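Here we start with a single chain on its own, the form predicted alone, put down as structure tokens.
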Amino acid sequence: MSAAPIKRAYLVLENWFNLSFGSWNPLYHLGTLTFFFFWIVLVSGIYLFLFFHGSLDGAYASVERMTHEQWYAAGIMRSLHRYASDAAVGTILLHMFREFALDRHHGARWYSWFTGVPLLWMVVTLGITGYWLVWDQLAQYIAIGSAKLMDVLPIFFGSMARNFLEGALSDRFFILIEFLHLLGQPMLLVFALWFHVRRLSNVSINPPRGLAIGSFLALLTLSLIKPAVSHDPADLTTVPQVLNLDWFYLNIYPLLDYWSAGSIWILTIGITFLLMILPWVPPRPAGAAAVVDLDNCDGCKQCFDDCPFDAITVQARTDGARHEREVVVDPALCAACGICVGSCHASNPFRKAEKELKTGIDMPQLPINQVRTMTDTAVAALTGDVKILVFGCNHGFDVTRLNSDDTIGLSLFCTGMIPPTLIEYALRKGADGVMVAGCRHADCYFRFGNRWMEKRLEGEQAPVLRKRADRRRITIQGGAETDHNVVEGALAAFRQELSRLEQVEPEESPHG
């Protein structure tokens, strides 16, 4: 199956979630849900550690006491610890699949994808050491399997599997595993998570409150209905016969019954390598980065605040102008979204209306002056009683499919690229209404483009839509490429509302 069918199938599935959850759609918050599950794992793990006895003889007994004698507290905490850990792996896998299906791993986003793949293995190994600490038959099974996997690596001397012969294992084993699970691996994971998001700005680690509460209640309910329990205690003189594997963490261990440890390493490393090179398969040319024009930049920092990928920095002025600051674009980080153009107050199309429009920061392949020219041409070509101009983005619904005598769609890199004054400008030039049709609500391809656009139109974020603009003649309807009926329906309703306005105010012109 090619990437396009995967994307369309995923968008259809996501739309069902939208109908069920609305703005709480968990597929829009997979990253923050993962952080939330990590918090549950951390808090429950700290509680369990207070009652855990890390020794060869005491580990299993202490876990059993927590599970059965204190089932109402530590027992529930153990189950929450288990199920939140599974949920974290689930959200990570879904997050990776979603980024791949929606083609959000190429270009400037290669870094987040590339650093995200190792995170999955870090979480899995953290879970494996957690299972070891229980020291039941399942722990025995995966400890021996892990030793076999370690033995084929040239970094270890001697045979680790010999440590699991009868009488060879000591309490030092638990000291090592406790250190890894409770301190070493979590610290490494925290650092890796920071590394993963360091090229993104305005990073949120908290899901919507309602979604967080609902997720916690679901985990708590599962913990009460099906508590996590141990297998029989580990016995190095016997081979476990029946095991209930946690397939989120322990999926490779059954392969040891059929394959060599070396073959499993080849498979694991091969899958990891293939995942990590996906941003460059197939290779794609990167869009030209935004360019700063110091003659029109006053260093207001709005583009710095709005850039989703931390590609813009602020420094002291270098051209001797009266302004104190200037902005600088890092081409290696720029995603070529154009959101910074919409952020710049110099992108006002009313400035020097008869000359070339210059702005403080612009996209070389689609300058704001060209966008204004496209707007002039489109508005002039509109005919009919109700003339509508639709601004869309290249990654959402194809607005050119709406083209007719009275409707023309212009597709830009992102709707966040549109300065609010351009919408007012289109109304002044003769459009009866302007629709902004970017990505689905709260799901911008470039993270924040549609969010910033909505805030600008509502007057909540600079540059704001001027009060003189007629807000009734502006509407927003996001949509993916599969949302033709949704966008068409919104357009029809908007056209009807504009017709009503024209009947009430037939002499009002220009609009705004």
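Note that residue numbering follows the sequence shown and begins at 1. What you see is a predicted model; the values in this text were computed from it and never measured.
What comes next is about the form predicted together with a small molecule, which is not displayed.
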Just one of 242-250, 191-199, 146-154, 376-384 has heavy atoms within 4.5 Å of the small molecule in the predicted bound form; which?
191-199
The small molecule is absent from this chain, but in the predicted bound form, do G31, R109 and V117 each have a non-hydrogen atom within 4.5 Å of it?
yes
Do D298 and the small molecule come within 4.5 Å of each other in the predicted bound form, heavy atoms counted?
no
Looking in the predicted bound form, any heavy atom of F304 within 4.5 Å of the small molecule?
no
Using a 4.5 angstroms cut-off on non-hydrogen atoms, would V123 count as touching the small molecule in the predicted bound form?
yes
Taking any heavy atom pair closer than or equal to 4.5 Å as contact, tell me whether F309 reaches the small molecule in the predicted bound form.
yes
Among the candidate residues L211, M96, A87, I408, which is the single one with a non-hydrogen atom no more than 4.5 Å from the small molecule in the predicted bound form?
M96
Given that the small molecule is left out here, which of S204, T237, T221, Q365 has a heavy atom within 4.5 Å of it in the predicted bound form?
S204
